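What follows is one chain in structure tokens, specifically the form predicted alone.
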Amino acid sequence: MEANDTVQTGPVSPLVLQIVAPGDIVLDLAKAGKVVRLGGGLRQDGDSVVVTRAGRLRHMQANNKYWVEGSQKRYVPNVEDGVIGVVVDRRFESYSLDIGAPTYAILPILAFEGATRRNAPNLQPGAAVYARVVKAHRDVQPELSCMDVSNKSSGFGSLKNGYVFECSTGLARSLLSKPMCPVLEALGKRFSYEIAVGLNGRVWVNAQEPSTIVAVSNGILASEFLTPAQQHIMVAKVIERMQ
């Protein structure tokens, strides 16, 4: 059984937030309990959930999902991931997007809120798009959508202007964590900007001033291996250099 399959399990794994390695057993399924979702880096083997790649075991309480967070550059698509893709080609019924995965992803032209064949968005090669993974299997191309489960745009769609940069998938996940990660909290107190974070290790930043885009982008990239306190100090130094 692959990632994103649903299994039955018991209490929260004691290995959450710990570094795990391939072959480690993180959940015992012998004790039936509430439903849990398996994300990247995990698979079911009989009554056990086994690690398939090294990283830190994470758990999202809201939907009881487990995954292994690594810092690899290569992205492995998972259903419901928000990703930033770059248009590389357009066909009659769909766009091909580079999302940093082993194969290009497919984005149907009708996968936008209110889209029809007459008024579908006209995306050009090189355009950046924030989308949701709706199909992911290692043997086929991933499929994307610019709508949520209620068929609303909810922030998905073409990312106009701004700047897209790459980071590790681990940093991308930390930027999306709740409560808000320290570096974004500190940057938000000083700068006015827009941001979209893709779990495929891409970040889009936009602001009125180019200097703000540069400061925010550099601050995010510099934060990956810093403690929360160090992140606040680093942002303060970035602001000081701009004055």
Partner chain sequence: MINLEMSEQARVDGRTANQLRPTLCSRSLLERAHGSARWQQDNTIIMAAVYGPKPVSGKKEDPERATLEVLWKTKSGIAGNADKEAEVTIRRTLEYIVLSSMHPNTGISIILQVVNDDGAILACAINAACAALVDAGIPLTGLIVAVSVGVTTHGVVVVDPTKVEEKNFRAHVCLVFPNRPKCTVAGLPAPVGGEPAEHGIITCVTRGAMSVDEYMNCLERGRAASVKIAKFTRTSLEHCQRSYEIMS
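All of these numbers come straight from a predicted model, not from anything done at the bench. Positions refer to the first chain, counted from 1. Just so we're on the same page, rigid core means the largest C-alpha set that superposes within 1.5 Å between forms.
Another form exists, predicted together with the partner chain; not displayed. Remarks below refer to it.
Engineer: Of 200-208, 170-178, 59-67, 186-194, which is the one stretch near the partner chain in the model of the complex, taking non-hydrogen atoms within 4.5 angstroms as near?
Structural biologist: Every other range fails; the passing one is 170-178.
Engineer: For Val214, is any heavy atom within 4.5 Å of the partner chain in the model of the complex, or not?
Structural biologist: Although the partner chain is absent here, Val214 would stay clear of it in the model of the complex, with no heavy atoms inside 4.5 Å.
Engineer: Would Val26 show up as a contact with the partner chain in the model of the complex if we use heavy atoms at 4.5 Å?
Structural biologist: Yes, Val26 lies within 4.5 Å of the partner chain in the model of the complex.
Engineer: Using the partner position in the model of the complex, report whether Ala136 sits within 4.5 Å of the partner chain, counting heavy atoms only.
Structural biologist: Result no; Ala136 lies far from the partner chain in the model of the complex.
Engineer: Since only the chain is shown here, I'm wondering whether Leu38 would be in contact with the partner chain in the model of the complex (any heavy atom pair within 4.5 Å).
Structural biologist: No.
Engineer: Need the contact residues for 201-232: heavy atom within 4.5 Å of the partner chain in the model of the complex, sequence order, or none if there are none.
Structural biologist: Heavy-atom contacts to the partner chain in the model of the complex: Ser223, Glu224, Phe225, Leu226, Thr227, Pro228, Gln231.
Engineer: Taking the rigid core as reference, does the Cα of Asn218 move 2 Å or more between this form and the one not shown?
Structural biologist: Not so; Asn218 is displaced by less than 2 Å.
Engineer: Cα of Gly39 displaced 2 Å or more between this form and the one not shown, core superposed?
Structural biologist: Yes.
Engineer: Relative to the superposed rigid core, does Leu184 relocate between this form and the one not shown - that is, does its Cα move 2 Å or more?
Structural biologist: Shift of 2 Å or more: no.
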